[in-house]
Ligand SMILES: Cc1cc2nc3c(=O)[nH]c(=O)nc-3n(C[C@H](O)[C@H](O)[C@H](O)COP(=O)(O)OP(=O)(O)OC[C@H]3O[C@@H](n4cnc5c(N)ncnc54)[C@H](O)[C@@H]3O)c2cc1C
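This document starts with one chain, in the form predicted on its own, laid out as structure tokens.
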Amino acid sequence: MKLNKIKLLDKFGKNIIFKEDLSKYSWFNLGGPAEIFFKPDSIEQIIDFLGTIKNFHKIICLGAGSNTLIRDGGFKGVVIKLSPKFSYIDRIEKNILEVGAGTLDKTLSRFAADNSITNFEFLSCIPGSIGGAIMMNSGCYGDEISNILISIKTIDFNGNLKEFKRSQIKFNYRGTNLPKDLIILSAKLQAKTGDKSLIYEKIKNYIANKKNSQPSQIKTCGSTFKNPKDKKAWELIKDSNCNLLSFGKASISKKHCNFFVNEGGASSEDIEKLIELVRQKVLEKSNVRLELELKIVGDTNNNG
């Protein structure tokens, strides 16, 4: 279905961009253009937009891009990315925070620490936004966002608003059973009071541990593969002698071999080919097929 570009521009103006370069929105700095890029400022605007493009089903929602590889052909459809208006934190009750889905995990962790709220410390080490963190049940150091979640407010691609309580969502390791045609708008989270100095100390230790064990200041999108049950993905990669592999300008971090790197000048195809090469070698050596934690979206080339 062809969308009327003039109609979209008339209605949504600066919130609509055609052929927007998606490499700006991925931590790999890779990816082709989006056919239509929509950055809404309000829930009402999302509803209006989804009503305008009704029956145009090729839609994805992009978060902070910290765990997303966008293919070289870009995305031939609609990419929705929430504007900064969806980044907010309100303490609506003593024990409840309401947080916009666009809020960065580390911003929320800092807010919690400043307000003597505990159990948010682990978020200081997770790149990305709250919406993405909930969709993939982000976690580290024994904590997961599902442990502090009360409910989420969402909208589906047909414009229907729905609230999900924590008990209605099935969380698993780095995933949920939430429908794919869903945009998380906000979340309510448990605000438990703690000792501010202990909270700051915990965050400091987490950040130091992360700095020592994971690469930083490079073009990477975090963990590439999920850890299989009772195993570590990085150990399987190392045991399969994959830690020194590269493909084109894509390589594996010397600091942590579950982190794949754009050395500069890599294509998304380079990263994806390296992923498949490592996956195959690990399967041959360990009889384990690694599952992606990284999300791959888009088309392989400009004709795809």
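Given the structure is predicted, the values throughout are model-derived calculations rather than measurements. So that there is no doubt, residue numbering starts at 1 and follows the sequence shown.
Separately, the form predicted in complex with the named molecule exists; it is not shown, and the next lines address it.
- For the options Lys232, Lys210, Lys76, Lys162, the residue carrying a heavy atom within 4.5 angstroms of the named molecule in the predicted complex is Lys210.
- Residue-level contacts in the predicted complex: of Phe37, Phe49, Phe247, Phe259, one residue has a heavy atom within 4.5 Å of the named molecule, and it is Phe259.
- In the predicted complex, the named molecule lies within 4.5 Å of some heavy atom of Thr220.
- Interface residue remark: Glu293 is counted as part of the site for the named molecule in the predicted complex, having a heavy atom within 4.5 Å.
- The named molecule in the predicted complex is approached by Met136, whose closest heavy atom lies within 4.5 angstroms of it.
- Shown alone here, Cys140 lies within 4.5 Å of the named molecule in the predicted complex, counting heavy atoms only.
- Contact annotation: the named molecule lies within 4.5 Å of heavy atoms from the stretch 220-228 in the predicted complex, the single such stretch among 164-172, 89-97, 220-228, 199-207.
- Annotation for 121-139: interface residues with the named molecule in the predicted complex are Cys125, Ile126, Pro127, Gly128, Ser129, Gly131, Gly132, Ala133, Met135, Met136, Ser138, Gly139 [heavy atom within 4.5 Å].
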